[in-house]
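As a starting point, one isolated chain is supplied in structure tokens, in the form predicted alone.
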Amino acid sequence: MNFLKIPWLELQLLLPLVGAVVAGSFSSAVRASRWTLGFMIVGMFISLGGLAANVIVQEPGRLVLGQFRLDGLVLPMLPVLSVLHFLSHLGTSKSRMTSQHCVAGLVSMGLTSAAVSCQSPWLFVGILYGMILLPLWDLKAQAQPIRGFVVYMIPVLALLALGWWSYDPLSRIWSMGFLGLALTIFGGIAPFHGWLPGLFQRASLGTAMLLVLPMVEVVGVLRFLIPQAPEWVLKVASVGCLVTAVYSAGMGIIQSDPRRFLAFLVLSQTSLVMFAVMMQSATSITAALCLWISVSISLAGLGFSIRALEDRFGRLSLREHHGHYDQVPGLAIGFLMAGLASVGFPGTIGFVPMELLVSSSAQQGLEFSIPLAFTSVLNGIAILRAYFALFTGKRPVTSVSLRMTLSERWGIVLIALLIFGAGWFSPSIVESRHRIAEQLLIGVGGRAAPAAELPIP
């Protein structure tokens, strides 16, 4: 069969849904988990195949299915999203694995792929509806209160529908305002961030991360908001995103619950991605697209380590030192490695994107670059504080073996390869993301910066 004629897009969208039906047909959680793992591995290869086919043909428009298209904006993200779902499933312990959990993971994988490749505003709204229902399902299954989540998500759903229903070229400001407010709440931008720490605490950690880390609101802003919204609206939104990033970084330092620490770190880093998108320069959007990749991978690795610790020791506190390094040194290394990568430590996948973000903010002035640097410092302090609390101090002795399982070892190895190996491909990734950024800006009035403006490493 001709490699270029394989229906990559159809497989990318339909395989997870087929997998969900198959996994749901098993009463045994073990069998459902194995089949789910297999479907996710095949999904990763399909996403890589679609990316390779696009590189060979160099015609993204070929990969089209109705209102879905694999263009240059999302093609590099599909393998990342597949890895994110794979790590989420791999990090779920056998004691918590159920057939319903497997089905939810595969459905989330299909919805996320559909959201980032969707070209229709109404269809995008419908997919977001489905993504919001999955955490509700998880909260109900664990008999956790849903009021805090519902209070924020009902306005999101209403504003999304109202934004597209009221669209009119003569009153564009209203529809764009509704849409922008909906994506702001969904992205957790202050003061609409209250639902996110609560979701991380009450829902399973995997479910919370699969809703937040794909950052589908970035696609909504780039595809449906930036081409239509007035420039001053985006400037105001960028200030809100930067304030959220600084505030969340500070909140992360003082948390006593590892899940709340992770929630505020995730909120701070995703807000930086949105901030970079809203600044509307070629360099900043390039930084945003690169950060989108690096933040998703590194924070997925951090969540993987925290979940593995909870499976062994239960819910921990950051107010005391637990000294778990001797028992699980691999998880300690994975935690520190992923945490430092998320804040742009040299040599990791996050280093070049953070450098690009600093460069773009410096072009805007000190009022942007100083808070940005302050955010990185605070996030770094929060990560080191959490590491020392969890892995250093007293050395507890247990009567049972707490060694890493085979799946956890494979997960840490995969995270390490992605965090350090992706650095070798940074120049080509930055170059391709910069081309996409220029194309996006040309679509909103030719504000693209010349290629010489971009400091390609």
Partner chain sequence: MPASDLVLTIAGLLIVCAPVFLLVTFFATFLLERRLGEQTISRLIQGVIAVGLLAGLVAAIRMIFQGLAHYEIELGDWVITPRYHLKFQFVLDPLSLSYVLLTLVLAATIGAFSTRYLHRERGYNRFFVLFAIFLTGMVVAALSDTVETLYAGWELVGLSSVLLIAFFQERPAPPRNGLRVWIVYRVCDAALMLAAILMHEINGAGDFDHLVGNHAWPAHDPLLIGPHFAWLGVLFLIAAAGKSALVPFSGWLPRAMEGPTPSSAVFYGALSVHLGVFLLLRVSPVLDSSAWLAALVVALGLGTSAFAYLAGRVQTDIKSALAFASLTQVGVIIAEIGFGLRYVALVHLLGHACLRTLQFLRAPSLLHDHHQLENAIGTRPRDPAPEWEQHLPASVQRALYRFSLERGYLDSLLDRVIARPFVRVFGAMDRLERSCDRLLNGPDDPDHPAPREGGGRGGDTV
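All values derive from a computational prediction rather than experimental measurement. Residue numbers count along the first chain shown, from 1.
The form predicted together with its partner chain exists for this protein as well; it is not shown, and the discussion that follows is about that form.
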Report summary line: With a 4.5 Å heavy atom cut-off to its partner chain in the predicted bound form, the contacting stretch among 99-107, 124-132, 316-324, 223-231 is 316-324
Query raised in the report: Does Trp424 reach its partner chain in the predicted bound form, with heavy atoms at most 4.5 Å apart?
Result: yes
Requested in this report: Tell me, yes or no, whether Ser376 is in contact with its partner chain in the predicted bound form, where a contact means a heavy atom of each within 4.5 Å.
Outcome: yes
Report task. Check whether Leu340 has any heavy atom within 4.5 Å of a heavy atom of its partner chain in the predicted bound form, and answer yes or no. Result -> yes
Query raised in the report: Would Gly49 count as touching its partner chain in the predicted bound form under a 4.5 Å heavy atom rule?
Result: no
Query raised in the report: Within 4.5 Å of its partner chain in the predicted bound form, heavy atoms considered, which of Ile333, Val239, Leu181, Ala161?
Result: Ile333
Query raised in the report: Since exactly one of Trp174, Trp137, Phe345, Phe192 fits, which has a heavy atom within 4.5 Å of its partner chain in the predicted bound form?
Result: Phe345
Report task. Let me know which residues along 267-289 have a heavy atom within 4.5 Å of its partner chain in the predicted bound form, or say none if there are none. Result -> Thr283
